[in-house]
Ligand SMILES: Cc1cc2nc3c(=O)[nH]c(=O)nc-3n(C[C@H](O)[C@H](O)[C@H](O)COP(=O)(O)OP(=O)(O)OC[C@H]3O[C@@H](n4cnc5c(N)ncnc54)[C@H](O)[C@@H]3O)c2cc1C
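Presented below, as structure tokens, is a lone chain in the form predicted on its own.
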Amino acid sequence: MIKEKSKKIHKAKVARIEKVSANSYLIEIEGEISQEIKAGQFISIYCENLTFRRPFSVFSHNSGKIGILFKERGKGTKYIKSLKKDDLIDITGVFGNGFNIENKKSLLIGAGIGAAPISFLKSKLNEKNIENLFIAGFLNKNEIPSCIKADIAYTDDGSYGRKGSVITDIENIIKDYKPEIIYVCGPEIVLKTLSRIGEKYNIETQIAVEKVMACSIGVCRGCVISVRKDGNIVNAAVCKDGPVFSGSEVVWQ
């Protein structure tokens, strides 16, 4: 069993929690984390009566508060949804490698809950006055969180914005916008597609991989993927070696 002392434990208090779409919630917590948090990094939250903590990408970080955007999917998120203002929780982190921000014309793509770390990244780029275009995609208008402000929105059923997914017109958008770098978070099909398109157009691509995690520190090896390193194919733990990788280094199945 992984000892808690091997993690960075922080006591935190719920500052607010609200429903922001048909099935997603925004929780803000006040904790002891004072370090700078990079977009793409994550924290893990202890959920009562569950063995493993639940990892969540950071959606926002300001004035001592960390924002997490999540969907209710199981026992862990059901517990978090039940929390009230001023409830005490404990969190671990910050974990993982975040996006490496470069002073380049940026295309940002977030699909589903993957829009959360991309939204955080957009705020970081805006602070640095780096030109960017944020594309987000959801199943329908009812699933779009009110806290996500995309430049271009897609819905699968066309109930809001453009009809289709974030990869429906992506090559045309790339040809028109001419980005120098692409940042992505979402389901594997989105990551795989954008990684290959990035290589096709010789554009650097950074992807935040979504994977079920248990320990969050690379010990349990439950979130391993294959990557290319120094000419070889090796295993990498998403929680420790990622979750952000270069799209060109991931070995897609």
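Each residue number is its position in the shown sequence, starting from 1. The shown structure was predicted, so the numbers you read here are calculated from the model rather than taken from an experiment.
What follows is about the form predicted together with this ligand, which we do not show.
So in the predicted bound form, does any heavy atom of Ile113 sit within 4.5 Å of this ligand? Flag for Ile113 set to yes.
Proximity of Arg228 to this ligand in the predicted bound form, heavy atoms at 4.5 Å: No, Arg228 sits far enough from this ligand in the predicted bound form that none of its heavy atoms falls within 4.5 Å.
Given that this ligand is not shown alongside this chain, does Ile189 nevertheless sit within 4.5 Å of it in the predicted bound form, heavy atom to heavy atom?
No, no contact at 4.5 Å.
Can Pro145 be called a contact residue for this ligand in the predicted bound form at 4.5 Å between heavy atoms? Outside the cut-off, so no.
Proximity to this ligand in the predicted bound form, single hit among Lys128, Lys84, Lys163, Arg73 (heavy atom within 4.5 Å): Spelling it out, the residue with a heavy atom inside the cut-off is Arg73.
Checklist entry - What are the residues of 224-250, in order along the chain, with a heavy atom within 4.5 Å of this ligand in the predicted bound form? => result The one in contact is Pro243.
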